Ligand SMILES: CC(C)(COP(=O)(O)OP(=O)(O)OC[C@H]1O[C@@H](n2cnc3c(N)ncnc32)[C@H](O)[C@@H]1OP(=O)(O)O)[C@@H](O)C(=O)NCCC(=O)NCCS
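The chain that follows stands alone, in the form predicted alone, written as structure tokens.
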């Protein structure tokens, strides 16, 4: 399924999260054939228009996923995609992911803004208590953006993939809803998550100020 529109005004950036349209598919094809973009994703091969059309139709009908395209306000085209998956889990968790394919927007706070909107939606509309994610170890900027809204690295998977002849580790992260801690941890929150939960509480308060549902 595709997510409802929202606007996030964060650190001087105004970012729109909106549903995909068929007009966006050629943009995916144009950018998803770059190993620069897929250096730290699961992608290995270029996609065709037909591949992306199939993805669009499959995702459009998938009740277990909510996907948005990321478009800075004033930009003519979307510059990335973010999603929440496994949203029908009976255990009230989901998983998150993001790709910003236009490298001219890297390092400008777009991912942080998208994380705020996505996380608020997960809490307020999907009733999720926890969000899982992962990031390749060399992708420091992506890790910091996730940690900024309260994700905690709880473990690192060694030699999980290979890029350019080098094996990379993968960090696994967890975001916990500050008001639902007792459900998952009735005997007390483990120390490893304490700082992350504090940041998660701050991020939710900030998101309520900066995220506007359109």
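All of these numbers come straight from a predicted model, not from anything done at the bench. Positions refer to the first chain, counted from 1.
The same protein also has a form predicted in complex with this ligand, omitted here; what follows describes it.
- Residues 37, 100 and 142 are all found to lie within 4.5 Å of this ligand in the predicted complex, as judged by heavy atom distances.
- Remark: residue 106 counts among the residues lining this ligand in the predicted complex, judged by a heavy atom distance of 4.5 Å or less.
- This ligand in the predicted complex is approached by residue 134, whose closest heavy atom lies within 4.5 angstroms of it.
- Among residues of the shown chain, residue 112 is one whose heavy atoms approach this ligand to within 4.5 Å in the predicted complex.
- Interface residue remark: residue 41 is counted as part of the site for this ligand in the predicted complex, having a heavy atom within 4.5 Å.
- In short, of 43-51, 160-168, 181-189, 143-151 it is 143-151 that has heavy atoms within 4.5 Å of this ligand in the predicted complex.
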